[in-house]
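Just one chain follows, in the form predicted on its own, and it is written as structure tokens.
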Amino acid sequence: MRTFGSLLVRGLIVGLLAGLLAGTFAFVTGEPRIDSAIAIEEANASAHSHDAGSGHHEHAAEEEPLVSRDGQRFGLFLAASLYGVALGGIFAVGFTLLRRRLRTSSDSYAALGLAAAGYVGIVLVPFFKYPPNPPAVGDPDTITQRTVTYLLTLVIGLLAVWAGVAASRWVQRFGDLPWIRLAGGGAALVLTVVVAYLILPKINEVPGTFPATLLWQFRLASLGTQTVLWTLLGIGYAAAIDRRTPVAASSKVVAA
């Protein structure tokens, strides 16, 4: 029987590797879109300075960024690694606490199921309500509102997953067919999400002049980064705690 410390260390290591690979994916797919968005933001700021100069074409003093673009790119890998470690630790703790409630005799299947549930509740539910935006999009005055509503969607996403699991187990009394459980659980999850989406405020601060293609490329890159992270976390943790007995070893014992 593995100890909590052993499960936690495995979660931290798997989370670190998943974070590094997710950061690499974000660097390849997301950074070019961020550069394009920053260029648009700087062009808009320059045009605004011309307007404010009333024909004198006086450029406003440009503020130097606190961190250069090279520093931000390096920080992407650092942040992704730290996020992966933290997420891996939280995942290991969650697995330890919920293992007995996950109705499967396989630890690997339990880890994969927990990762899938986390991906739906923590990534997909918030993404479809409040998809991420690149630089040059968003009103600084609404950052507090956007932060609060995003955190609310995280909580609602986890509640929706819980509702889906609970409904799936409840409808099992009416039949043990897999599609009955799947339909009941899926209906409860979707209903919870739809109700929450209708209650939560709409936030759309994308300027009409911002390129739609660039916007969706950035959002898909962001979603892809999270997908890579959670997929690797689930598969990696399932492999790290796999308890299958090696066939070769068993054969040797029987032969002896």
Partner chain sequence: MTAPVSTSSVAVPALSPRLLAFALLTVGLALMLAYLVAFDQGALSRSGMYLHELMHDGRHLLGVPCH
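It should be emphasised that the depicted structure is a prediction, and the values quoted were computed from it without experimental measurement. Numbering follows the first chain given and starts at 1.
What comes next is about the form predicted in complex with the partner chain, which is not displayed.
Although the partner is absent here, V165 lies well away from the partner chain in the predicted bound form, with no heavy atom inside 4.5 Å.
The partner chain is not shown here, and in the predicted bound form it never comes within 4.5 Å of any heavy atom of A43. G184 falls outside the set of residues with a heavy atom inside 4.5 Å of the partner chain in the predicted bound form. The partner chain in the predicted bound form is not approached by A39, whose heavy atoms all lie more than 4.5 angstroms from it. When contacts are defined as a non-hydrogen atom within 4.5 Å, all of V67, V93 and F218 contact the partner chain in the predicted bound form. Comment: the partner chain is not present in this chain, but in the predicted bound form one of L76, L152, L112, L159 has a heavy atom within 4.5 Å of it, namely L76. Within 4.5 angstroms of the partner chain in the predicted bound form, the stretch 114-153 places a non-hydrogen atom from each of P132, N133, P134, P135, A136, V137, G138, D139, P140, I143, R146, T147, Y150, L151, taken in sequence order.
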